[in-house]
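Take a look at this single chain in structure tokens; it is the form predicted alone.
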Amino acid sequence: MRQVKKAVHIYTFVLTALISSLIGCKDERKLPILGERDVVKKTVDGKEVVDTVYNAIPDFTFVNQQGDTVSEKIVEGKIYVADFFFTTCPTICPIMKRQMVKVYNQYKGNPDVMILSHSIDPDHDTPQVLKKFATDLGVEGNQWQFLTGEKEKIYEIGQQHYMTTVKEDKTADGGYLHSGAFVLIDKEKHVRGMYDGTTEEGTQKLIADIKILLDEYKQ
């Protein structure tokens, strides 16, 4: 009987340790910071230390589907997902938007999460066009912003900072060439993940990683 109790005690101890270990691993999960980085030297408490400065999304000014001018302040203190599209896209954009609706519905009403969809055809995609497009998708409120503006600024921020392919190409279907990437940005405006927005697998990975990133800020 004593041996049985001892075995049970050992089993309970091992099980508890295993659960604690698993919880600890879960708590320590963090997404990488992607993109370019610079190594800089600075003096802290009289000692020279080496620090890493990561690429960050710069300040921006665009116009949303309501016709309002918005800046980077709209995502201040939030994490967000960014992508690039155009409303007349005959290829991957309809697939991307169906997938992004799943992300939107999953985090709808969460004040810490936003979505920024940038049109790469601002000549056609006026605020009025974007508003109808958003309404047709079932988007309400300000959590999902559909943005237009100066074409050069949209292309610059897409290519140089969100690390996506964005360009005019008269040989491409619809006249534009762009990637199907969904880009996850943290509260410090660092890129923390890139996902294939044309696939269910990529979308579900994004949904899961948003939760990981939100949990990171709770620790």
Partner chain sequence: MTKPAILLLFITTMFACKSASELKSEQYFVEGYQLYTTYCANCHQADGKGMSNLYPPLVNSSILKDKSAVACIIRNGMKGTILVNGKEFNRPMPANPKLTEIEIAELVSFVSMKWGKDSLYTPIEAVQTALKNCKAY
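All figures in this text were calculated on a predicted structure; none of them were measured in a lab. Residue numbers count along the first chain shown, from 1.
What follows is about the form predicted in complex with the partner chain, which we do not show.
The shortest heavy atom separation between Pro90 and the partner chain in the model of the complex is within 4.5 Å. In the model of the complex, the partner chain sits within 4.5 Å of a heavy atom of Asp136. For Glu168, no non-hydrogen atom is located within 4.5 Å of the partner chain in the model of the complex, even though that partner is not displayed. In the model of the complex, Lys132 approaches the partner chain with a heavy atom inside 4.5 Å.
Contact with the partner chain in the model of the complex, defined as a heavy atom within 4.5 Å, is made by none of Gly67, Glu150 and Lys153. Contacts between 155-188 and the partner chain, taken as any heavy atom within 4.5 Å in the model of the complex, involve only Asp173.
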